[in-house]
Ligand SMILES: Cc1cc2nc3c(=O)[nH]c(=O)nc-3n(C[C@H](O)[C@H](O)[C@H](O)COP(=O)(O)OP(=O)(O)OC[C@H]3O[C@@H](n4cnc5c(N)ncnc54)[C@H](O)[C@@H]3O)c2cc1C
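In structure tokens, the next block holds one chain alone, the form predicted on its own.
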């Protein structure tokens, strides 16, 4: 096992920014992923580490008008226990509940899931489907990056080396509903083979859908939106015919890969069936 890299422990966000500006460091919060990296099992081990766990400036869950804001150090356990999240974004609670076991949920953070940029990150399709914004910052100030622009390639983000994820802002749109589903080898403590979030707004009149979002993980190099499938669902009602057409479109639209966890054919079929079930559930049949 490689030697443990040197670790900086800033006492404030300003100090963290200064450390990153001086030299690249691997940010660590809960540390649930970095030990695999230090062991050399996930790319080269980091040369330097910066521990962010003590920075209370990066914590907190709350409403800011019609936006739900979550600090980067918000843990999955805090999301699961948050009355605000349960009321306004239960799909994110569902996603947090699928990540690891209790020990991982107590330490793992939303900001870490975002910055690690794994295409199998369970929270990421929810953020995509809800048009979340990722607020990042460094010595040059803050900027806001839409989730759709944040994951630029496999395990690569739009973050600069001297920037950190600070918080996530999720707009709470009137009449928007969202559902989450994960498929893994086991019911718990499994890396996803397919993970999906489906969001829409229902018409108060005919029940037709608008503003549809179909977001997936584990089927491409990054979390993705299935825009052709969204077009099939947009303007339609959640009927049996709609579910069949959407599932067929999704199976044709995505181009998953074969890897150690699953085959491309399995992912294509399962993604289509998951979407079919979500549309059926939304239609109540």
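Positions refer to the first chain, counted from 1. Treat the numbers as computed from the prediction; the structure is a model and nothing was measured.
Below, we turn to the form predicted together with the named molecule, even though it does not appear here.
Although the partner is absent here, residue 181 sits far enough away that none of its heavy atoms falls within 4.5 Å of the named molecule in the model of the complex. Remark: residue 77 does not count among the residues lining the named molecule in the model of the complex, judged by a heavy atom distance of 4.5 Å or less.
In the model of the complex, the named molecule sits within 4.5 Å of a heavy atom of residue 159. The closest heavy atom approach of residue 115 to the named molecule in the model of the complex falls within 4.5 Å. Only one segment in the set 170-178, 100-108, 204-212, 141-149 has residues whose heavy atoms sit within 4.5 Å of the named molecule in the model of the complex; it is 100-108. Checking 247, 226, 28, 233 for any heavy atom within 4.5 Å of the named molecule in the model of the complex turns up a single hit: 28.
Of the listed positions (220, 251, 34, 69), a single one reaches within 4.5 angstroms of the named molecule by any non-hydrogen atom in the model of the complex, namely 34. Residues of 151-176 placing a heavy atom within 4.5 Å of the named molecule in the model of the complex, in sequence order: 159, 163, 164, 165.
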